[in-house]
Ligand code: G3I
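Below you will find one chain, with nothing else, as structure tokens; this is the form predicted alone, and questions on how it binds or moves follow later.
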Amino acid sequence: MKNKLLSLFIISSMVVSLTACGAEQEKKPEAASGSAVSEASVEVTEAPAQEEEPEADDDNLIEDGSFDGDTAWAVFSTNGGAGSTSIEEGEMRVSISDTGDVEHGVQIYYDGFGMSEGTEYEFSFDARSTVDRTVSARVQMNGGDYHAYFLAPVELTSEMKTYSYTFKMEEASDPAPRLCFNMGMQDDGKQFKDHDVFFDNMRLVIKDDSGAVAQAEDEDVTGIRLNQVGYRPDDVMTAVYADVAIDSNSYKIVYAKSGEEVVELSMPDDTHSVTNPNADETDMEVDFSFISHMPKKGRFKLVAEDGTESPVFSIGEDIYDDLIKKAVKMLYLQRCGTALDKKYAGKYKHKKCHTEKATLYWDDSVKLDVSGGWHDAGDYGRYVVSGAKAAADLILAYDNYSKTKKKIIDNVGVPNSGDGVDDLLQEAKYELDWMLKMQSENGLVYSKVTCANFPGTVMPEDETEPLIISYTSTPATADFVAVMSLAARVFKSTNSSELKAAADKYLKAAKKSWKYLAKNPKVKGHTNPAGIVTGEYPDKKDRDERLWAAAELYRTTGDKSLISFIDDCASEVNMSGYGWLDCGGYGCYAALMDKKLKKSAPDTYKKIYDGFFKIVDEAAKTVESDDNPYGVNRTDTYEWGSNMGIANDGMMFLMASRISDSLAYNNDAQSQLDYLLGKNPTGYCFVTGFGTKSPKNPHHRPSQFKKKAMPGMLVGGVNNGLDDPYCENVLRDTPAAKCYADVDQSYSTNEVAVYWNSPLIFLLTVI
């Protein structure tokens, strides 16, 4: 997922009483609605000169609070704020060149500690400033609405003083909060330019834990892992016994509701345990497929001989139907620029949002209507490269299941359902029509439209900051050509007059952008403009996108002038890429499904075929290895958005089966789906609202605002890169394959995205 510097939310409407030593003060700092900010006592005294080295402070939750060496404190700046830190003569110096126009315009922060409910803490520090000013000291949630557990205004002068606060953690324990000082604009609107603030002797210690609330231990994830949604009668059905005691190698299948035994079975003689260091467990894979006396429909559980039970799973031909509807409907619920009615959106209804014209970043005199499209992820930005991948997945899914299964999907439960036109194509059209607005006059395509910062925990209509259109890029332009060419071809083949008319527009737009790309071979990548911290989606290469564009345009138009370009690009790109960054796999699939290319350029076709299947077969070898009980194309590395990568692998296997006109890789695709739906070391079904154990706290603004996870969303999943403060603090000693946290602070494992749902939809509908 895109690397995010989350913007901080200005909290409002709660009073904190502060009693100063020797004088009464009453301040009314802002706090999040409904947050439980602790009442605090404060003492301010003149700081004594340090004559001796301080003793070791083992109780201090802040590492090196005396600032004798390197510091773990960092700086966040936004809304015009600018600052930096340095260590000078045993003090931390914060150099502020501009406070910006919000309280958190400059913020210094410290992560890496935890707080327990019911515990009383003492927080103290020495501080001074080269200008008389007020800053805000806070201990806050490090995510969500960033509300404060404790906050206090700190009035600084040129004299070094000691500030001491005592407060109680009134909320549920937080293993990864943030300690920070907001040093931007003051409450009275006063702003400052060049000045310095100095800190020393920073301490956060437990004063009294006699009232600490005991925390429930994390749910034990050892046990039996399997696809918690279930299996069709003829599917390969496998489960992993993780650290489950096995003596006689027998197990039972029972009815989930009654517990009545269906059958008792013995494991095959070749069943064996493997050591799995990436999950720190011993695993045994059990195959319970094709059991002749198993019912063809029902809800069941596996029960090991030691009594360990699996999650409930279903068997039936229609087990994925509801999941498909919810996974597709998630895209509808991500629609921007339109009101979502309660009839279709339920509690996630919202008013029209982001309908105002957006300003070009480099020319504020130009404002464009770029309304529409999907909110990309847990925030409300809209991005061409990720949107193109998501729309393409839907169209390719339709192109497969409509031909092989002779059906359409027209029952998702959105306004256009039941009109005789496939819901996936109509949802893709909503995104593509927005993308048309992102095409500039010369054919280049703007990369994204967002506000300057990520929003707080608000519904989309309440994000009202100015919309900014970011730079154009050639990767975005090539993606645009590819998906428009694909849509033009597929839409033209339908019986819908609306889709046929759209096809003509899309092909015209694709040709216009290709004309620019053909004349301008130099890469024009995208990076965030100064002052914009929303998702960057940086890409410095575009040969993979150009391959995809040329292959789709050739397949749609038959223009033979594109063949040499396809041949050149195919020699340079990763043929397994199906993400926003690497699209080479899409280009290979388009080329290999084209009979014209096979006939007109057999050498080019063979080169692509051999390269593509070399990658597919290597992945299949990993998936099918006896030492890989979870059956995914991963060894010891799980990247940010690994669930998308695993879904993409499943999509690749299904594409390989289609190209080779066989079912050889279908079981490998099923393994990827099984992992996503529960057969993985975490024990989670990674789709919200499905399975026995699923994410309840995704990093997704509407879900956070409504305090209930929107169903049908695939979360990012395991990420042993620990790319957010929560994971870095809480999961640092966790085995690689279990680095996942179901908390909304963990944007690197628990965010959602339309282009993560889209390969899941492909898997569910094509498999």
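On a predicted model such as this, the values are computed, not experimentally measured, just so you know. Note that residue numbering follows the sequence shown and begins at 1.
If you look for the form predicted together with the ligand, you will not find it shown, but the lines that follow are about it.
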Seen with the ligand overlaid from its pose in the predicted complex, and using a 2.4 Å cut-off to backbone or C-beta atoms, this pocket is blocked
Going by heavy atom distances of 4.5 angstroms or less, which of F686, Y586, Y383, F480 would be at the interface with the ligand in the predicted complex?
Y383
Please tell me which of D379, D668, D423, D544 lies within 4.5 Å of the ligand in the predicted complex, judged by heavy atoms.
D379
Using a 4.5 Å heavy atom cut-off, state whether L581 contacts the ligand in the predicted complex.
yes
Give a yes or no for D200: in the predicted complex, does one of its heavy atoms lie within 4.5 Å of a heavy atom belonging to the ligand?
no
Distance check, D723 to the ligand in the predicted complex, heavy atom within 4.5 Å
yes
Check T355 for me: does it contact the ligand in the predicted complex (non-hydrogen atoms, 4.5 angstroms)?
no
Partner-facing stretch of 87-95, 633-641, 672-680, 613-621, counted where any non-hydrogen atom is within 4.5 angstroms of the ligand in the predicted complex
633-641
Is any part of 532-568 within 4.5 angstroms of the ligand in the predicted complex by a non-hydrogen atom, and which residues would that be?
G535, E536, Y537
